[in-house]
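Only one chain comes next, encoded as structure tokens, the form predicted on its own.
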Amino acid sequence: MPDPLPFIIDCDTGIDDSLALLYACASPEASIVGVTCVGGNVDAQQVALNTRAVLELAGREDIEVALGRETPLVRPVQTAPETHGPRGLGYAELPAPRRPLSDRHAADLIIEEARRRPGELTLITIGPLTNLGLAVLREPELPRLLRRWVLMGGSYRSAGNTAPTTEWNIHCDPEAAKVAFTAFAKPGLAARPLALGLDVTERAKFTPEHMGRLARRSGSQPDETLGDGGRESSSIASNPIVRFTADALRFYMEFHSRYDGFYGAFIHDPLAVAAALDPSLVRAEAVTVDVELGGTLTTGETVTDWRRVWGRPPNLDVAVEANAEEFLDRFVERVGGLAERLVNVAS
């Protein structure tokens, strides 16, 4: 097996971010250099708590976690308690984390680690782009220092999930997205950024059937509960990771049942991590993308020049297809396998 891929995850740890962290911890080809925190699904301080608690659940208390800027570059903070719950993890509850936050600011961690290993580090952003925007303002050479940037964000050929044409991560800090997209349009990069928008991430639809498979893979007895009730239907799984996943996802599934007409969950962020580790999971097209900042109805829209009318060089590889079935199989196998291993280690 080739050497593990070193990467940093920048996240706003809500439900699908927590699943992305579990997937990363369960992936043998991944070497997590650090995790940086930004406000989005919940406020940044809660993100930092959630992130450390989830990493400790996964047996990775060793990973450095850094807090970044707590407000967007220009706009006020927005959060999504109706989607992720008041503390960001749905119905799930975890012990308070033991490890303190890093002394480094998130932007400094990204810059310093990229300088330490130029051309080697992949940055995966699965939240608003505040920390990355700040990092490239502090270090304009950052795009050339990274091996690649992979992002979950934007809506390129589909409807938005926040406003009619905007996706949450871009919507929360469009100015930071504009800064990042412009910075990564410079020549001389090792690879164009890979962008996974709602066009592909909404194909990664996790259902109670997947949850049952994950529980069985872990050897959990009894299986989880993923009913459509309230807290009284909390998971009774014997395995801590299965119990956490089931309780977090039940809140997410109830949200999608109300607003999207199906009882399941789009697990956007784990797909982005999976594609960073194995780009063959998606097919992408090189296009030019900009961010609308002044629209009356469209601020935060990722405006994509599919017909090449601007005549500008492409600055993103936008995913247009994804092998969602293969990804979901991997998620079940890897996270279920991690859950099984940790229980065996503990016993």
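As the structure is a prediction and not an experimental result, all values here were calculated from the model. Each residue number is its position in the shown sequence, starting from 1.
Only in words, not in the display: the form predicted together with a small molecule, which the text now covers.
Asks: Thinking of the small molecule in the predicted complex, which stretch from 90-98, 264-272, 132-140, 177-185 has heavy atoms inside 4.5 Å of it?
Replies: In short, 264-272.
Asks: If you check Asn161, Gln78, Ser234, Thr207 against the small molecule in the predicted complex, which one has a heavy atom within 4.5 Å?
Replies: Contact with the small molecule in the predicted complex is made by Asn161 alone.
Asks: The small molecule isn't shown here, but in the predicted complex which of Val150, Ala107, Leu198, Met211 has a heavy atom within 4.5 Å of it?
Replies: Comparing distances to the small molecule in the predicted complex, the residue within 4.5 Å is Leu198.
Asks: Would Ala246 count as a contact of the small molecule in the predicted complex, using a 4.5 angstroms cut-off between non-hydrogen atoms?
Replies: It does not: once the small molecule is placed as it appears in the predicted complex, Ala246 has no heavy atom within 4.5 Å of it.
Asks: May I ask you to state whether Val242 is within 4.5 Å of the small molecule in the predicted complex, using heavy atom distances?
Replies: Flag for Val242 set to no.
Asks: Applying a 4.5 Å heavy atom distance criterion, does Asn169 contact the small molecule in the predicted complex?
Replies: So Asn169 counts as contacting the small molecule.
Asks: Although the small molecule is absent from this view, report whether His84 comes within 4.5 Å of it in the predicted complex, heavy atoms only.
Replies: It does: once the small molecule is placed as it appears in the predicted complex, His84 has a heavy atom within 4.5 Å of it.
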